[in-house]
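As a starting point, one isolated chain is supplied in structure tokens, in the form predicted alone.
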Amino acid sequence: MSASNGKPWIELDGVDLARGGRPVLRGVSATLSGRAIGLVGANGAGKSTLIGALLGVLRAQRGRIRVMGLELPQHALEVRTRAGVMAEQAGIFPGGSGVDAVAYAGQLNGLPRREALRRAHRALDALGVGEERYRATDGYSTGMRQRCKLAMSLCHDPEVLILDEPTVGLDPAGRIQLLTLIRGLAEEGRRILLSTHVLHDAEFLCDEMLLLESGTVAYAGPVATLVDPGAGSMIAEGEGLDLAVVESLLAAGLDARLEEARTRTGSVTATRLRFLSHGDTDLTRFWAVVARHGAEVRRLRRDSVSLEDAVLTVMDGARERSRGGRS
């Protein structure tokens, strides 16, 4: 999904929030405008507390919070009216069918019974729920329960969806199916905040990330910037890429080395050259050295960093800074 060019809809400035006398959020600042934002962090990082603050349920001791341009907690009721929430721990209303549960959620959001029922059917249709909507929810599978909970959050047609671990308990096929439905909702114009510890879910859905580490911001911004911050390893494959080429690259100021490409069984398939490039200037130097040595480059590619590796690197850096600040 491409990044949104719209106005920021989550704005945090120096937010401190303690619960039970224990600091949970500490100096949290971020400005986010993506269609789908991934809120990622370990258990205890402050994700649930931040969601409570964004909904005006929890009050920050210091700092400023704006959601959809609305100041919190002053406009908490309006924010909650314009948002749909799918909480991880919340269940489905018992004692009825799926459509009954979704319609009741609509009524709790202020819709008259008939309008709530109409919108419940529309939400279930959008999520691909057929005749199962008339079955008792007690017999629902995990996947059906998650779809029903998502429909409950959608019934009043909110501008923003706040989803807390929506794929928990689902098998891989069910996860992709539900995330595809959520991505469709974002493409229709809704803003999504996805709280998750599953990085594959965030990578599939989100164009921006807010990474929390022990109540502080480790990273806030586009996923593309997190994965490719501008410098990266380039891998060259071909003929004549030997130690002499590496030595010339080092003399030209490029960090370069030879490495062996291996199969899964461990056998060597080729020797390739890896070097660090910070942009066009470094690439120009590389090609000049290659031409001088008469080497032949058949393939040149960037060794892209996985989202998981990038997140782990950022989180490790945040932990090191936190330890340094306490020393």
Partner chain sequence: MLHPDPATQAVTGGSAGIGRLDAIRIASAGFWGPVTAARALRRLLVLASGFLALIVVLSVLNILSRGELRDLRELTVVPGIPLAAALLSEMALRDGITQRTLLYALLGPAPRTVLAGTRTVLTAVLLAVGSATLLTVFHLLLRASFASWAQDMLAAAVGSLAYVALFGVLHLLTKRGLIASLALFATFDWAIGMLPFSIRLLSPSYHLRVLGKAPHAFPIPVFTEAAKSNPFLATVVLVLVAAIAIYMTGRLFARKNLPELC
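Numbering follows the first chain given and starts at 1. On a predicted model such as this, the values are computed, not experimentally measured, just so you know.
Just so you know, the form predicted in complex with its partner chain exists too; it's not on screen, but the next bit is about it.
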{"item": "Stretch from 206-214, 219-227, 235-243, 156-164 whose residues place a heavy atom within 4.5 Å of its partner chain in the model of the complex", "value": "156-164"}
{"item": "4.5 Å heavy atom contact, residue 80 and its partner chain in the model of the complex", "value": "yes"}
{"item": "Proximity of residue 110 to its partner chain in the model of the complex, heavy atoms at 4.5 Å", "value": "yes"}
{"item": "Partner contact for residue 140 in the model of the complex: its partner chain, 4.5 angstroms, heavy atom", "value": "no"}
{"item": "Residue contact check: residue 319 to its partner chain in the model of the complex, 4.5 Å heavy atom", "value": "no"}
{"item": "All of 132, 169 and 198 with a heavy atom within 4.5 Å of its partner chain in the model of the complex", "value": "no"}
{"item": "One residue of 273, 290, 45, 58 in contact with its partner chain, assessed in the model of the complex (non-hydrogen atom, 4.5 angstroms)", "value": "58"}
{"item": "Residue (of 176, 126, 117, 252) lying close to its partner chain in the model of the complex, criterion heavy atoms within 4.5 Å", "value": "126"}
{"item": "Members of 164-192 lying within 4.5 angstroms of its partner chain, judged by heavy atom, in the model of the complex", "value": "181, 184, 185, 188, 190"}
